[in-house]
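Subsequent text provides structure tokens for two forms of one protein chain, presented individually as structure 1 and structure 2.
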Structure 1
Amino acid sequence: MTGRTRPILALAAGFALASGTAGAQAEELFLYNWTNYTSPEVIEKFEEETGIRVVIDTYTSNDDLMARLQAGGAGYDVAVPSDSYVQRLIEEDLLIPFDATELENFANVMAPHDAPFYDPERMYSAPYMLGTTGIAYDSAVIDGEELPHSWDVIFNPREEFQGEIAMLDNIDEVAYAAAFYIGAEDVCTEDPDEWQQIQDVLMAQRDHVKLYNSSGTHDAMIAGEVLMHQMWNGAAHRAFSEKDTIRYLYPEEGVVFWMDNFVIPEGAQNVENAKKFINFMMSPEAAGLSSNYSGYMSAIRGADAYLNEELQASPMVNMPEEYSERLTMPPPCGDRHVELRDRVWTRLMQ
């Protein structure tokens, strides 16, 4: 979900961007992942250890991933959907079962991530990174003053932030935030009255939103392009590491907690290579180095031994324990929810 979307960079040899159509070749692996969410160092180690060349293509939302896999998957061997999207892919028969529990390094997976609601037997998926979606802002513009942990600061912004706000260009994340804000009993609400309230909130906020953006979110904050951004916590950490006036809020009304997962799409041509890659990524070293690169945490036991000091101390990554009750991992939402959500999003984007 992403923080998972910095600009695409030219990477070291062997870590190439696919043109969009992946063709199977011997000793290759075609990976479809969130933008700039895969450590070049980890890929290099995997290639050296296995002799398998990794080719990567990228996306910026789960809906983009779903659309590509529904259209045939373009021959990808591994993809990285978020929690409830794993369940959707399973239901649509778009994944190859591989039983992650049989992989050697699955023993490193910590509970409860070894048996999540969307794939309780881990027959189709293995964990990658996990994180939250909150609000980042630059405290320098209010002389270091701390804002309250509430969605109100972004939906009803004080003067300093008006016109200087960015929301994620992600239909789910924006809708969930507004649902939390209006006090909806369920983020998957199908109540037309609640959707009218959500639409009213988002339309009222629109005049203060400078851009809807899911790519380079931390760069936008560092450069001062915006002063407040709905943001994934890993991106907020990267912004904070370069600009120490950045703060991150866990709104009291509710915070989305998400987990990204490795899956093998239907049509994969290198299934055994995919299993080797997924097993490798569940090693403590690969997980720890991936966290250092992405700014997110993993579900892998022992990964903390490889974390850099900055990540271990980051307030964006290490959420205060008392905020844990604010977290919600949304389940797959029903068709009526999706219909109303899409209708509101279309209106918002006009």
Structure 2
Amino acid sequence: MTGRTRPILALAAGFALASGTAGAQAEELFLYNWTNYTSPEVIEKFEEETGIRVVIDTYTSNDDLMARLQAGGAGYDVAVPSDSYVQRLIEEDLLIPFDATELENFANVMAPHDAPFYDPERMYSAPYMLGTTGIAYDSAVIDGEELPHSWDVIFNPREEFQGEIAMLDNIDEVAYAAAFYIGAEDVCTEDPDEWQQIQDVLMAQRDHVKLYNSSGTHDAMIAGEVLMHQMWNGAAHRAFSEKDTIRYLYPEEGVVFWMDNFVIPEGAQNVENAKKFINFMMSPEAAGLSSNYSGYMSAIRGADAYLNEELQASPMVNMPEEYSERLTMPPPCGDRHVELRDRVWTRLMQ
């Protein structure tokens, strides 16, 4: 969820936590989640099914979560940090291992979410929601023709899109896309030859790019300012709901994504309940209903059957499973990568 905001939800949940008793009651579960990210319907079903009462508290950034857990937990049984934060929490011994692969519903988890770099064994975490960076374009311009799922579409655009393209104004997102396109071994490449190729690709593309933009990307597509935009799936979905000729591509060379995960923080009083909850959340129904609520996609196979019609019809949210192998989550790239990236970007923008 890094850098993407969710509107504020119920604050009331926070107060409920304060009144919860410290003594471990087998019937309780303290959930610490992002705002606007927990479906009340799903919680109700869980409470009905298990008899466990769920108490919810919320936060708005990974750093808030880190700070709270570093300060000695607050008796939370389940929290929902994003990718690299899971790694940091593991390194700081702030999580209880529970081996998610042992949970019954883990079989529903689609690759590659079963083995992320930040917790390859899924010993400390289980997947919740994720988002991707792909390509959105307006198919109306080419009479509804479908473009192939490839970065070639945007780096080597056909005539109709030339000069009508926007790339994200994020040096890292643009670099990842170009690295995929040239077939770099690693998106965090530090190889000078590969960087030379990346530079050539970006320089050649530059004349076709109308703008580099990261704010209001969906609006730029809806208004028709650009006809193709490197885009986050959430924005693409919003654009699509306003203009149904917009398509979203998951390039076969590779797509980066972020992901939020369930973890059990150190100091949890109800570890067994936490496991039950995490298992429940990995069921297709809970995952589907959660997507309906948050508008993000889950990593759970079969969840699409429970999506509402709008999300069902949205390829930005309801990603076909065959694309999931294209997803890559870059770890924080090294110094050398960052340095070469900066040089190429400066040359591009000089």
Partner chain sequence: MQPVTAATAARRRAALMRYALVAPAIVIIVGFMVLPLGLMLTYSFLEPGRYGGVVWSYSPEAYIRFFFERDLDDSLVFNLAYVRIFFRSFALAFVTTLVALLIGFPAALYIAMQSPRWRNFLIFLVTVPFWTNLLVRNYAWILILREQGLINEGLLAVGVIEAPIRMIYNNFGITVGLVYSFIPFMVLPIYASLERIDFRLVEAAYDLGANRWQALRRIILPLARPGIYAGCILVFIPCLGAYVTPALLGGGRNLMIGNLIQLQFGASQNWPFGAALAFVLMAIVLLSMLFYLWRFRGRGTGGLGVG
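All values derive from a computational prediction rather than experimental measurement. Start at 1 and count along the sequence of structure 1; that gives the residue numbers used here.
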(message) Tell me which of the two structures is the form predicted on its own, please.
(response) 1
(message) Are Thr133 and Glu253 part of the same rigid unit, between structure 1 and structure 2?
(response) yes
(request) Give the rotation angle, in whole degrees, of the smaller rigid part relative to the larger one between structure 1 and structure 2, based on C-alpha superpositions. (result) 55
